[in-house]
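Here's a solo chain for you in structure tokens, the form predicted alone.
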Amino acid sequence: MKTRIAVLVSGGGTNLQALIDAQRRGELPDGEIVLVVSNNPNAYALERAKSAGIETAVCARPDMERKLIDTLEAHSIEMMILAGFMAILSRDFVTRWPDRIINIHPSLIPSFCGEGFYGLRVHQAALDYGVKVTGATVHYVNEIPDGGRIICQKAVDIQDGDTPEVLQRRVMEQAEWLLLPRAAQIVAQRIRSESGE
């Protein structure tokens, strides 16, 4: 049996699409995306999931985490991927699934990460600081924003004249969309082997 994966989203779902495409190409042999959950009922990512034939759910405030736990347990979810999920999960939540929740962050952690660093803010901070290299990181999720153990990273060069929007696109294309499926397979394989599959 493949590891049952839920992807948690809040927005457009470009990283979700990268995961769906990788799954179609056979690059996620030990896992299967069976559910996409959003805290935003208007997230375009939900449309991407429906187009791919993946079940969807919305778990919004109030009581988002309670709804999320009930939904995940009802679908026997073994692993979660946060792909642009704009909510910080509590310690109580993440300790229910130790080393089974992963997140993608658009910088080379520990740079430009933690609370308040998301979306274009991350890329603006990198440009403001003048770094020459940025990238993306996939890490395990714990109670500290962007604080879990790193699974993999990929560097991306910053070019003269980059805007936050241009840099965001390059980081997605050259790092995020490659790293996230790779990390998903690594973790899905580990979970599957731990369960004796």
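Predicted model, so just to flag it, every value in this text is computed and none were measured. From 1 onward, residues are counted along the sequence shown.
The same protein also has a form predicted together with a small molecule, omitted here; what follows describes it.
Only one of the listed residues (Ala83, Val94, Ile77, Cys113) places a non-hydrogen atom within 4.5 angstroms of the small molecule in the model of the complex, and that residue is Ala83.
Site annotation in the model of the complex: the residue of Ile69, Val58, Ile150, Met172 reaching within 4.5 Å of the small molecule with a heavy atom is Met172. Using a 4.5 angstroms threshold between heavy atoms, Pro181 stays clear of the small molecule in the model of the complex. Under a 4.5 angstroms non-hydrogen atom cutoff, the small molecule in the model of the complex lacks Gln185 among its neighbouring residues. Heavy atoms of Arg100 never reach within 4.5 Å of the small molecule in the model of the complex, leaving it off the interface.
Residue contact with the small molecule in the model of the complex: Gln189 places no heavy atom within 4.5 Å of it.
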